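Presented as structure tokens, the chain that follows is alone, the form predicted on its own.
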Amino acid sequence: MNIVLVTDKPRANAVEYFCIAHGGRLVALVNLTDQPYENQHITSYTISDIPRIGHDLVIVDCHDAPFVISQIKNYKTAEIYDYWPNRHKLLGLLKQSNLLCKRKFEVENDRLLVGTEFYSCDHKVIEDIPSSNTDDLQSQTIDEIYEAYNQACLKYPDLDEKYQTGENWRNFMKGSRPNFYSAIQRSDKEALSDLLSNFFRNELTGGTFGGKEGYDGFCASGNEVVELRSYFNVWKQCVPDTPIQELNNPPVGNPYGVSVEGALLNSNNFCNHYRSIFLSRLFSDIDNPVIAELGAGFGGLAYYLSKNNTDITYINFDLPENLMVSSYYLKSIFPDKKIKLYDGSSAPISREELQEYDLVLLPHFCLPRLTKLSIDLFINTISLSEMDFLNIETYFEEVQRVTRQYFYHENMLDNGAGYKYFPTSVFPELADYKLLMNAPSRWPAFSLSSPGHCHMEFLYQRNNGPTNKNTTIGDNL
């Protein structure tokens, strides 16, 4: 949406700030003062020039707005709004915009220079995305992860209570994945292959990405750009120099979203990409670091971590049903990486053995197999609070046992979503660690303003552990 701004406030202008946040493009400026406007990339005109400038709205932000508006009306231009009395109406109009906007700053001769980058959200992508897998790779991948799943299921009857699936996920799995369990019971690999080939759009990502309900809602939505923009606005401040094309979804699992400058994006990309950049800073000066995640969902964070760090070992511990999805995703994207799947073994796994692999994908109950202090960074996001308290205690004990440097997690402060939970305020103490940072979640679905639930980020470092001199703890946390 193209906007002409008429103002006598040339510095830190409220209208420009408002437009950047909500997708408005200032195409021209009428500066009613003799002071230079802060954003030099916006061309200045006079009021009489307005009719020949291509625009959708004129917004007036000045001390004598009624008089200025009366002057502009003489030129029979587009709709005109006095900014301060009409902010809410303007917000509604800007929801129609297909732009994502990012300001760029530099200083020249002690003066702040402001510029703006615009990304166009071209169209909603709901048509099928062909898989990158060859038939042979698809068949081999299905065979391997099917065998790993069966090996995990054989262990379930004898699992200690503390590794049994908690009430929330146990009930949710049973009620939300009928086609998956039916295919498993029939040993129907063809049906399983079809489910995994389309997991972004079906029951296999219920609870981790949105499943079929999320896909159907996206198809019916008319405000997908508004949601995407709310995540983009957080991401752009956290990693300001990153090209948005770096977030593009690979063609695995039939992804959907919004096409932005040729990249296929959804809100989840912004969370996972940022976390991967931040967490990579923590292990940037460690040789062959070993990173473990508890509950990786479909594998979004793992994808960015493995894509951008060639010397790491990444481990995912997850429920076997979810592990099958992330295993399919990561094996399909990285067919040339050395990947270890579960083989039914109960033997200890040393740090040195882990470092022989790029990706290690194991059921959750294998965590005790890791030897002491074998992990450099342990991660959990948006799942510990949803477990039974016995599970939480167990995993905290394991984190303290196996993690030699950092523990990062983002979990629930409070819940209005109607399911059982345990807030971070009642989580067990981490006696062997010091807290480096905690802050409310930055992401719209999990922030303090979320109507359903809100989360908090935590970063801990092991006491007397090695100090990472390259790590910056500050505004980008």
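As the structure is a computational prediction, the values presented were derived from the model and not from experiment. Residue indices: 1-based, along the sequence shown.
Absent from the display: the form predicted together with a small molecule. The rest refers to it.
I need to confirm a contact call. Of A296, A292, L361, M324, which residue comes within 4.5 Å of the small molecule in the predicted complex, counting heavy atoms only?
Contact check passes for A296.
Pick from L319, L99, L264, L93: which has a non-hydrogen atom within 4.5 Å of the small molecule in the predicted complex?
After the contact test, the surviving option is L319.
Is R275 close to the small molecule in the predicted complex, meaning a heavy atom pair under 4.5 Å apart or at it?
Although the small molecule is absent here, R275 would touch it in the predicted complex, with heavy atoms inside 4.5 Å.
Given that the small molecule is not shown alongside this chain, does S383 nevertheless sit within 4.5 Å of it in the predicted complex, heavy atom to heavy atom?
Looking in the predicted complex, residue contacts with the small molecule include S383, since a heavy atom lies within 4.5 Å.
With the partner left out here, check for me: in the predicted complex, does some heavy atom of Y395 sit within 4.5 Å of the small molecule?
Contact check for Y395: yes, within 4.5 Å of the small molecule in the predicted complex.
In the predicted complex, does L282 have a heavy atom within 4.5 Å of the small molecule?
The answer is no: L282 has no heavy atom within 4.5 Å of the small molecule.
Where, among 245-253, 68-76, 227-235, 202-210, do residues come within 4.5 Å of the small molecule in the predicted complex by heavy atom distance?
In short, 202-210.
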